[in-house]
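Only one chain comes next, encoded as structure tokens, the form predicted alone.
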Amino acid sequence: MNFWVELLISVLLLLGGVFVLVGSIGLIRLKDLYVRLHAPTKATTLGLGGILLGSMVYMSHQHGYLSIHELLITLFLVITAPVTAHILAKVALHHEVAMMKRTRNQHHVDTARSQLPPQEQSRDKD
């Protein structure tokens, strides 16, 4: 294998590994659920993207044609991670999971909790 291909794969794997490590440490160290959601959704997704890109370069070099399986997995992760984090935050918000005392604009949380889904709002008007 060419030295430059090996170097590119190594750099992508190391960067991916560092981002996954930072995301994992953030998941453990951050204080509450709302802040903790940032670590796996941002750093870990970026880290997995780097690892999968390294795998794509390796497999493409081995087989001689472009392998897009890893690219599709990366695309799936980039699409689903923010949606999952949003759903988790919304559920935690409505279940009144405690947040840090120094969180700013907590009155927005009360406003968001008092909002009803569209079906229930129309029933209340009747």
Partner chain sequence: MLDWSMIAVGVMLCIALVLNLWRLLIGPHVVDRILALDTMYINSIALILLYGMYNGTQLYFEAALLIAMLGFVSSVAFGKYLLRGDIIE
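A quick note: this is a predicted structure, and the numbers were derived from the prediction, not measured. Numbering follows the first chain given and starts at 1.
The same protein has a further form, the form predicted together with its partner chain, not shown here; the description that follows concerns it.
- Using a 4.5 angstroms threshold between heavy atoms, residue 33 counts as touching its partner chain in the predicted complex.
- Among heavy atoms of residue 10, some come within 4.5 Å of its partner chain in the predicted complex.
- The closest heavy atom approach of residue 101 to its partner chain in the predicted complex falls outside 4.5 Å.
- In the predicted complex, its partner chain lies within 4.5 Å of some heavy atom of residue 77.
- Contact annotation for 58-87: residues with any non-hydrogen atom within 4.5 angstroms of its partner chain in the predicted complex are 58, 59, 62, 63, 65, 67, 69, 70, 72, 73, 76, 77, 80, 83, 84, 87, listed in sequence order.
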